[in-house]
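One chain follows as structure tokens, the form predicted on its own.
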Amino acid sequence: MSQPVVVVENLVKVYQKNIRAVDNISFYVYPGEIFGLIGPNGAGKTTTLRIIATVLQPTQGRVLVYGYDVAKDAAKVRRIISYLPEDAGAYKYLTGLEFLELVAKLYTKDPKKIEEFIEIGIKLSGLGDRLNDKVKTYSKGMLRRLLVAKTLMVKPKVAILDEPTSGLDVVNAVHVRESIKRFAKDVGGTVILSSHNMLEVEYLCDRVAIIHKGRILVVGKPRELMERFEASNLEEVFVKLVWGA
């Protein structure tokens, strides 16, 4: 097996009042993999992703992205990742196309690269002529598609997506999932995403880590976990792990 591109070892994050949001977790993510961090709300998923994305500092443990320590080499990590928070927004008075162009220019000054990134963004968004409309006219689903596209179009080595389909209807959620799969396949990028929708993750992810109350309960391929716990889906795996059902 190839070397992991993301290493999370004995990671702890303690907030004020001694709240342990992440409690000594470890996992590894490999090149070209779609890795899912799944569990209920408040499980520690967002905190973990924010640490990997250099937004938060770990309390203990270490996190490496392509060999760079997120605490010591944050600037180098930021050059090779792209991060989409769950509550991200876009400039509402720009058109979708103008927004993609703005993002592309933040990542490169090369005109050919800018054009390439925009073309990828157009395809990934799937918004067609609506890209000529202002972002303020977009539905929640359309906005999320635009944001996922801008995150992936710059071809990061690691894309970090926090609840990329949260609150979306079926059509927009399917489109977002297909965009993520296309990115991993066509660009060869690595994706780490969080989700509380365990059924969705079965389709999307190569491997998953189920997290609960800041601790990882199990890591593996969805199908293998279902076979191991004699479950028909990952929700049943979770229930058996937590309640012994």
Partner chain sequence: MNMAFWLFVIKELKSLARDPKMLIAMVVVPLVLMAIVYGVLGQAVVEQIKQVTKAGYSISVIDMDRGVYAQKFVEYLRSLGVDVNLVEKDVEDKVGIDIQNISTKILFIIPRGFSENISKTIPAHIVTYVKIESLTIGEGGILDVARTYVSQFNSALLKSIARERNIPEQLLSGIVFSDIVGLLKEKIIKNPSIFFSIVTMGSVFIPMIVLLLVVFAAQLVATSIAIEKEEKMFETLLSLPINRMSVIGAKLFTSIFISSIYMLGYSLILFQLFLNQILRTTVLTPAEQMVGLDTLTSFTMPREFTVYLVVNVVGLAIFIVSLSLLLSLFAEDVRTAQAIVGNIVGPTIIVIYLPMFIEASTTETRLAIALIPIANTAFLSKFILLEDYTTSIAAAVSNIVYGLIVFVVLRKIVNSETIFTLKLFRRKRAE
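Nothing here was measured: the structure is a model prediction, and the numbers come from that model. Positions refer to the first chain, counted from 1.
The discussion below concerns the form predicted in complex with its partner chain, not included here.
key: Heavy atom within 4.5 Å of its partner chain in the predicted bound form - the one residue of Lys123, Arg78, Lys155, Lys113 that qualifies   = Checked against the cut-off, the match is Arg78.
ask   = Among the candidate residues Gly42, Gly61, Gly32, Gly220, which is the single one with a non-hydrogen atom no more than 4.5 Å from its partner chain in the predicted bound form?
value = Result of the distance check: Gly42.
request  = Check, residue by residue, if Asp87, Thr95 and Lys105 all come within 4.5 Å of its partner chain in the predicted bound form, counting heavy atoms only.
outcome  = Heavy-atom distance to its partner chain in the predicted bound form: all three under 4.5 Å.
key: Contact of Arg50 with its partner chain in the predicted bound form (heavy atom, 4.5 Å)   = Judged by the heavy-atom cut-off of 4.5 Å, Arg50 is in contact with its partner chain in the predicted bound form.
query = Going by a heavy atom distance of 4.5 Å, is Tyr138 a contact of its partner chain in the predicted bound form?
reply = No - in the predicted bound form, heavy atoms of Tyr138 and its partner chain never come within 4.5 Å of each other.
Partner contact for Phe99 in the predicted bound form: its partner chain, 4.5 angstroms, heavy atom = Yes, contact at 4.5 Å.
request  = Using a 4.5 Å heavy atom cut-off, state whether Lys109 contacts its partner chain in the predicted bound form.
outcome  = Yes, Lys109 lies within 4.5 Å of its partner chain in the predicted bound form.
task = Can you tell me which bits of 53 to 70 touch its partner chain in the predicted bound form, meaning any heavy atom within 4.5 Å?
result = Ala53, Thr54, Val55, Leu56, Gln57, in sequence order.
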